[in-house]
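The chain below stands alone and is given in structure tokens; this is the form predicted on its own.
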Amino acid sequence: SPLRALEVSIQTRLEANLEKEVVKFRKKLKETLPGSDWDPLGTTKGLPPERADVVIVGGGVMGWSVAYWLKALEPRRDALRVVVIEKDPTYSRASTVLSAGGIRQQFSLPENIQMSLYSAFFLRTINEHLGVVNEPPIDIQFNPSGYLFLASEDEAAKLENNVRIQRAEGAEVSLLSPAQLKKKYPWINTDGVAVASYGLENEGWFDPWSLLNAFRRKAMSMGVYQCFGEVISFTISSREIMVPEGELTFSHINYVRVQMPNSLEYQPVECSLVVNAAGPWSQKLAEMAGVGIGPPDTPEGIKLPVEPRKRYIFVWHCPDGPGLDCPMLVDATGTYFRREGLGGNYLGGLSPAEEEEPDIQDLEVDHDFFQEKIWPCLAHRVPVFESLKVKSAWAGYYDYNTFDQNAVLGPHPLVENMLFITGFSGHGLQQSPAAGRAVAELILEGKFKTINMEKFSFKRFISGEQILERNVV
């Protein structure tokens, strides 16, 4: 197809443009001395600086992870001027803090397994990375109770194959027969379960806000600017390039326009690179830069396939429910739950079927969804949940990649200085330490070093080659 024919030309051009940006960075890094114009106190309170090397749009855990790693990996202190822009000062609608906080290695793609293994290592040693002098030690309240996946007869072979991949990547995962499952967890009804997999280490859940705040505080202590405001537009320069297969338009973001909260005031920020860490709203941000607004069936017309999907989390009480050994259980139906603190409290949810996706205009909770879809599955799998009582509920957004439910990492082929870190489809929080490092390496070194993330590049949307993750919860 014409799109496939253009892919090689685009990729060649992309590599050349990215290398050009990296050369600029290296030159700046070498020239940076203690007497440079870097002045962390020299801007108006609340406004971003007029110039920055890297503008990160999105102050969730992904954005702050990139910011931290840029400062941690820069060759000398204050070599880079980094700004993080977040439109929600309260974080009341932030995907990070509204998530269930799980971490697992039980994925089907080696790269996803590697990211979560790295993140588990990072979280175990978090104070070595994110500890701030004269601040209390970081406690993310990690509960290492593991993930337990249940599979029906139809899904058993797929789960067993996933476990082989996980073990090959170094994850400690065991397979359990129904009899072994019943012995380990007597409260489970094993009806319809053919096999189960259980993560023996590095799996469980933690407090999302603690991780986000730790990244943010550490990055700010290293000189990163925090700005609360909304990106309303970009100033872009473009040029047409003739390639053998046709004409392509390449764009470069020169300025980011940031509007302050509850104000008509805005600040243009001149920048070298823009990192799109806008999560569920990253497609909208990409469109501001011209991504996906060209004619259909052309590279300019290919959208970033990431959109907000609303997900509910319910909290219920059941005094006779599973005890302290309760894992994060993922049923064959997709229903999941875990213990929440002590005293017989649990939280859980279920991703709706495609045709039942709820309206995303607000974060209202549909309580009928629990009664009609979730509770019957819970009561079947854990009979004591027949008498549970719902205490509270909330909703949050997935940054859902409709193409293949996997991350989008790295530069756009035509908008030369926009890089993506989005589309994690529900497993972003747990992979944020690894993903943030990967994007920082790409910016500073021009390539991925710790984990090869090439598979997650935007170019797969041009070629139409999906990389499906089979273990999406």
Partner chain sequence: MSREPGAGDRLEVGNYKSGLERAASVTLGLGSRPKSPGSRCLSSPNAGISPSRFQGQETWFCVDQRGKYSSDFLQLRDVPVVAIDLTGSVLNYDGLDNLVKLTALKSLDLSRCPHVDDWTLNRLHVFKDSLEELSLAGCPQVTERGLACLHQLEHLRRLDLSHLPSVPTPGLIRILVEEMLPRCEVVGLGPGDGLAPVSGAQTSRDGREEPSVPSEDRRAGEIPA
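Residue numbers count along the first chain shown, from 1. Given the structure is predicted, the values throughout are model-derived calculations rather than measurements.
What follows is about the form predicted together with its partner chain, which we do not show.
Of the candidate stretches 301-309, 232-240, 395-403, 137-145, only 137-145 has residues whose heavy atoms lie within 4.5 Å of its partner chain in the predicted bound form. The shortest heavy atom separation between His129 and its partner chain in the predicted bound form exceeds 4.5 Å. Contact between Ile253 and its partner chain in the predicted bound form is not found at the 4.5 Å heavy atom cutoff.
Using a 4.5 angstroms limit between non-hydrogen atoms, Glu172 touches its partner chain in the predicted bound form. Pro186 belongs to the set of residues with a heavy atom inside 4.5 Å of its partner chain in the predicted bound form. Three-residue candidate spot Arg51, Asp78 and Met222; no residue lies within 4.5 angstroms of its partner chain in the predicted bound form by any non-hydrogen atom. For the residues Pro280, Gly321, Gly102, Gly349, the 4.5 Å heavy atom test against its partner chain in the predicted bound form is passed only by Gly321. For the residues Ala196, Leu248, Leu123, Val330, the 4.5 Å heavy atom test against its partner chain in the predicted bound form is passed only by Leu123. Contacts of stretch 336-352 with its partner chain in the predicted bound form, defined by any heavy atom lying within 4.5 Å, are made by Arg339, Leu342, listed in sequence order.
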